[in-house]
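First, one chain by itself: the form predicted alone, in structure tokens.
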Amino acid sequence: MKVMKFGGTSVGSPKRIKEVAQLISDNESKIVVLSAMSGTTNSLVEISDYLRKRNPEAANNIINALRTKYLGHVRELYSTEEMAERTRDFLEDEFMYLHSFANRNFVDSDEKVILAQGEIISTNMMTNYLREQGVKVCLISALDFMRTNIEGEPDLNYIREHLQETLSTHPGYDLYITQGFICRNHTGAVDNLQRGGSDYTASLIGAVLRCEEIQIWTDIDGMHNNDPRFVENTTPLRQLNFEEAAELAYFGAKILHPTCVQPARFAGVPVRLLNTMDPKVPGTIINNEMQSGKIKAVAAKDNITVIKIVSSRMLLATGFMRKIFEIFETYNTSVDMVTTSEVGVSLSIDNTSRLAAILDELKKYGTVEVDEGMCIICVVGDLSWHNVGFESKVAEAFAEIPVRMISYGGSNHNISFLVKETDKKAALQSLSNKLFS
């Protein structure tokens, strides 16, 4: 069995839904995970925001606009009046349900329920279309098996047990459709997976069932060796190790969320990135194989803030570093890069929502300086110290670009450079010229 995930762009219009339907109707055993149609989740977030602000009229206006949009999709998607009418009835029930939230006091948990409707709508519309085409398909609800534990992490044992139970309750199908992103929490309330969304759903399903392969279908032909938005003539990568893929995802490769490959990695299930718009392209396979001595790709992470703490009195004292990092832990703020000297420590963060409070705490231990508008450029591949000479190639690329920090040695697969965001494009292009030309 395979798992195939299609994102919002891939099912973003009736035309796209028909193309995906063709891709998945090949009589091979599979579970297909769908996101909400592109733009829908943003509308649902906006509806929730208006309801939270006690503005039900504005929320109802957006619901009505969404209804009009989807009823237009019905006219384009279905060829029989019977299936069109069935889908319209389903949609009317959905939008009346959304309207019901405007008639009561809004609570924060309502937002999770509202957001879940995007995936519920897209999977029902796809299932109805497939049935109209004569395809034997079974729609299963992710809310019946996808659950997080009290820490908010996926409850793998629960997912495995209840997914297998769900499949055994509906035997005789080669094709199952389910929702990405949505789940229940440990109390049974509707929630979502947040990090990685539908990709995470597909990875979890593939891991607990030990599937043959997990396929992530997007609108580009796999992961590239550099950012095609800033660098010309990038090329797609045919293979990545799980650790390489996680590094690229964490440091800016938008095609994949860094956490979503972990369940697949631990289960040993390969992940393949494919292009819905050009399905014949082989894409990128992510597995546990490592190509020795090869630099694979470059990625960039924007909106980085650097904090420097200088304290000649405290730095060498026992517990100084612990006190510094406890501050970031207290304010739930992750650190990306760290460098130290005899009198100071510099570190970078990408979440500045609690920056003011963090700075107030840090000033107890030294003089604090802040640089904003920075960017992390990372080079990923086999960067172990056995791969002699790669450092000089990478360093040459930065010969004319000011570098604020360098991080190397924390991983055998990544060397990172901190530069100004204004130097990002030049840095990416220079690395591409030195490493991949």
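Residue numbers run from 1 along the displayed sequence. Model, not experiment: these values are computed from the prediction. Whichever C-alpha set is largest while still superposing within 1.5 Å between the two forms counts as the rigid core.
Separately, the form predicted in complex with a small molecule exists; it is not shown, and the next lines address it.
Exercise. Looking in the predicted complex, is the small molecule within 4.5 angstroms of a heavy atom from every one of K2, T148 and I159?
Worked result: Heavy-atom distance to the small molecule in the predicted complex: none of the three under 4.5 Å.
For this session: Decide whether M290 counts as a contact residue for the small molecule in the predicted complex under a heavy atom distance cut-off of 4.5 Å.
Result: No, M290 stays farther than 4.5 Å from the small molecule in the predicted complex.
Problem set entry | D336 within 4.5 Å of the small molecule in the predicted complex, heavy atoms | It does not: once the small molecule is placed as it appears in the predicted complex, D336 has no heavy atom within 4.5 Å of it.
Exercise. Taking 4.5 angstroms as the cut-off for heavy atoms, does D219 touch the small molecule in the predicted complex?
Worked result: Yes, D219 sits close enough to the small molecule in the predicted complex that at least one of its heavy atoms falls within 4.5 Å.
Exercise. So in the predicted complex, does N226 come within 4.5 Å of the small molecule, heavy atom to heavy atom?
Worked result: It does: once the small molecule is placed as it appears in the predicted complex, N226 has a heavy atom within 4.5 Å of it.
Problem set entry | Interface segment, criterion being heavy atoms within 4.5 Å of the small molecule in the predicted complex, picked from 169 to 177, 98 to 106, 250 to 258, 348 to 356 | Stretch 250 to 258 is the one.
Exercise. If we fit on the core, is the Cα of K301 displaced 2 Å or more between the shown form and the other one?
Worked result: Passes the 2 Å threshold, so yes.
Exercise. Taking the rigid core as the reference frame, is the Cα of L115 displaced by 2 Å or more between the shown form and the other one?
Worked result: It does not, since the L115 C-alpha is displaced less than 2 Å between the shown form and the other one after the core fit.
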